[in-house]
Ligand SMILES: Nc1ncnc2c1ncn2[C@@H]1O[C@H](COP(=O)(O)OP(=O)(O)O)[C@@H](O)[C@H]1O
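Just the one chain here, laid out as structure tokens, in the form predicted alone.
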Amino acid sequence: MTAVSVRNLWMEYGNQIVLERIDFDVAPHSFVSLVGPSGCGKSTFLRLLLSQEHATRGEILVDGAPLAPNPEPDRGVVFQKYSVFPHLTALDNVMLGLEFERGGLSGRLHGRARRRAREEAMEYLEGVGLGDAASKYPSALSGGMQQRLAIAQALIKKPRILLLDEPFGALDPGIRSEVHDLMLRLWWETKMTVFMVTHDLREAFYLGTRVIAFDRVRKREEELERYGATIAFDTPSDPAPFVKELAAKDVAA
């Protein structure tokens, strides 16, 4: 399980201040929902956690050590737009991460190593309910199935931190509820620390153990460039009933 600390974080692009004075600690195995109006730096903050961008000031610590300066397998990410490869089957999509990781310069696995990777990928497909769709291409999968495939892609690398950038916004309500509970089960079982950006407050409080809102305190036009978004509120959230059921099963076991 992984703890994250954010220390006096600022992000500026030239004269534009996007984030300022972001300061908080996240306990291991938290599910943090990040909310706030468009343009207040939520996705920028995820990119900082992913090391796609670097803070102008301040730092992010992971288990007390500075965040690695480049994206690494310890951080997985799932976007709203399905990040799957249309020319690969569901199974090959999930295997791809293992091939890049273990396949050396060729990025390919052979023989026993490939069979082992296929078995591991199938376990993750079955874990997200796509075991029967292993040979299908993304074009043959529904939106909810493609998002589950993207989750399996991220999880097979066994990240310590999972970053979700509005991953459920494009799903129909019924499918969305189903994927919510799948995400909670996977989060509970893997003990990851999760950061999720969402515009849906109901979703934020249902999934999150903690809800953090970013907003600009100063909103006059002449202030928008010189003052960035900061934390407007930070509150714990009661676990969803689904999480309580998982916890009860663990205790009973």
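For every residue, the number given is its place in the sequence shown, counted from 1. This structure is a prediction, so every number in the text was calculated from the model and none was measured.
Keep in mind that the form predicted together with the named molecule is missing from the display, and what follows is about it.
Trainee: Just to confirm, residue 70 within 4.5 Å of the named molecule in the model of the complex by heavy atoms?
Mentor: Contact check for residue 70: no, nothing within 4.5 Å of the named molecule in the model of the complex.
Trainee: Is it the case that residue 235, even though its partner is missing from this view, gets within 4.5 Å of the named molecule in the model of the complex, heavy atoms only?
Mentor: Flag for residue 235 set to no.
Trainee: Would residue 243 sit within 4.5 Å of the named molecule in the model of the complex, counting heavy atoms only?
Mentor: Outside the cut-off, so no.
Trainee: Test of understanding: in the model of the complex, would residue 28 fall inside 4.5 Å of the named molecule by heavy atoms?
Mentor: Outside the cut-off, so no.
Trainee: Can you pick the stretch from 61-69, 30-38, 182-190, 200-208 whose heavy atoms fall within 4.5 Å of the named molecule in the model of the complex?
Mentor: Contact-bearing stretch, as computed: 30-38.
Trainee: Looking at the named molecule in the model of the complex, which residues in 1-19 have at least one heavy atom within 4.5 Å of it?
Mentor: Heavy-atom contacts within 4.5 Å come from 13, 16, 18.
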